[in-house]
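Here you get one chain, nothing else, as structure tokens; it is the form predicted on its own.
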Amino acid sequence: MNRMRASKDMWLWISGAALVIGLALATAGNRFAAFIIGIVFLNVLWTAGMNLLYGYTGLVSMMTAGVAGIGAYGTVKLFLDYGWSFWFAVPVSAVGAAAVGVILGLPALRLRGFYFVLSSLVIQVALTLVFIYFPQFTNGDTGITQIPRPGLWLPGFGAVDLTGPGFEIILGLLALAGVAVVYMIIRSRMGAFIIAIREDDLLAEELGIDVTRYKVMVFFISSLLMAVGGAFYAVYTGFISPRSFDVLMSMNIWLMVAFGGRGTIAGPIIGSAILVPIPFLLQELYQIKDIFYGSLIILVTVAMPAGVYGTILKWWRVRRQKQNTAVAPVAIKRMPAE
């Protein structure tokens, strides 16, 4: 059984990688469409981290954008000012940003419900102010412009300039890796523990689960994914500012998870794929863009409280249960008499 599941999972990830590469190559001739695909991939990575934190552990954090900003500014600083390789600057900055996120969020992790959300919101606002009022590191509200894309050295090909679909492929594979990390965690013993914490953290503590320890671990992994996404966002768009990583970004990431279906692997992917392109596709209709975006979110929230994928999954399970219930009496009638 385990071997069959591993084989099924392997083919699933291979299919996901093929889809990512196919999308990047299909949009290679249209840079506008390719850019949207790249931003969707980045948001899939961010929502994977938010889903682990919110969907599976039950922690609604509004400081995720600030952690992504630390990863972005740290990477750009090491990459441009100190001459580090981008591929070495990313993990160093991401681990540092995740550590800072845990240190700042550790007091809040002891809080529950609304108080945790409020505490994380205050931290997010404080991080945004730091990005604005320390221009020697961030260039203030003006932002950092003309951030170059990094090169990549491949055996047999030498240095490759990532100006075409190659960067979208890297972003897509990175997003797929983030989703895979969340999937493996949920399949593990740790996944069972954090889901128990989501359902009732007091009961989980009574059962001997170290609630604070697992919350810190989840917060660190989620922050790591956010920071990596922020680093790649900086070089992909070529521009970052404090407004790129404000509370609105945190809310949008949370909305994508809730819209697609929290606590599911596919839900945040669906939420990102639907919500991210809307502002780009409706940018000429700026009068109704925000109205349409908000109305769609309200409609799904009211009609599908479990999100798009969560509702489909629930409907499918109910349908299967009805089919099994209908088949059971027929099977009983056909049983031979003893």
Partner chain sequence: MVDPNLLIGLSMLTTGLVLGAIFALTAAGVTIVYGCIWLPNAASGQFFLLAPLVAWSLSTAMGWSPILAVAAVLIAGLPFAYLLERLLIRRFYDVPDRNIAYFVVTLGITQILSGVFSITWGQWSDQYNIPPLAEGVVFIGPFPLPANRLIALVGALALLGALFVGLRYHRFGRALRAVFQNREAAALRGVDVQRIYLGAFLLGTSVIFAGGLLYAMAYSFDLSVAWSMGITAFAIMIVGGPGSVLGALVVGMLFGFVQAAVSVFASPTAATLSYLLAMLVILLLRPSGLFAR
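Just so we're clear, the structure is a prediction, and the values are computed from it rather than from any experiment. Positions refer to the first chain, counted from 1.
There is another form of this protein, the form predicted in complex with its partner chain, and it is not shown here; the text below is about that form.
Annotated contacts: L118, I123 and V247 all touch its partner chain in the predicted bound form [non-hydrogen atom within 4.5 angstroms]. Heavy atoms within 4.5 Å of its partner chain in the predicted bound form are found in one stretch of 306-314, 265-273, 293-301, 64-72, which is 293-301. When its partner chain is considered in the predicted bound form, V60 lines it closely, a heavy atom lying within 4.5 Å. Proximity of M184 to its partner chain in the predicted bound form: non-hydrogen atoms within 4.5 Å are absent; the residue sits far from the partner. Its partner chain in the predicted bound form is approached by L111, whose closest heavy atom lies within 4.5 angstroms of it.
By the criterion of a heavy atom within 4.5 Å, W87 is excluded from the residues contacting its partner chain in the predicted bound form. Between the options M251, A99, L152, L80, the residue in contact with its partner chain in the predicted bound form by a heavy atom within 4.5 angstroms is M251.
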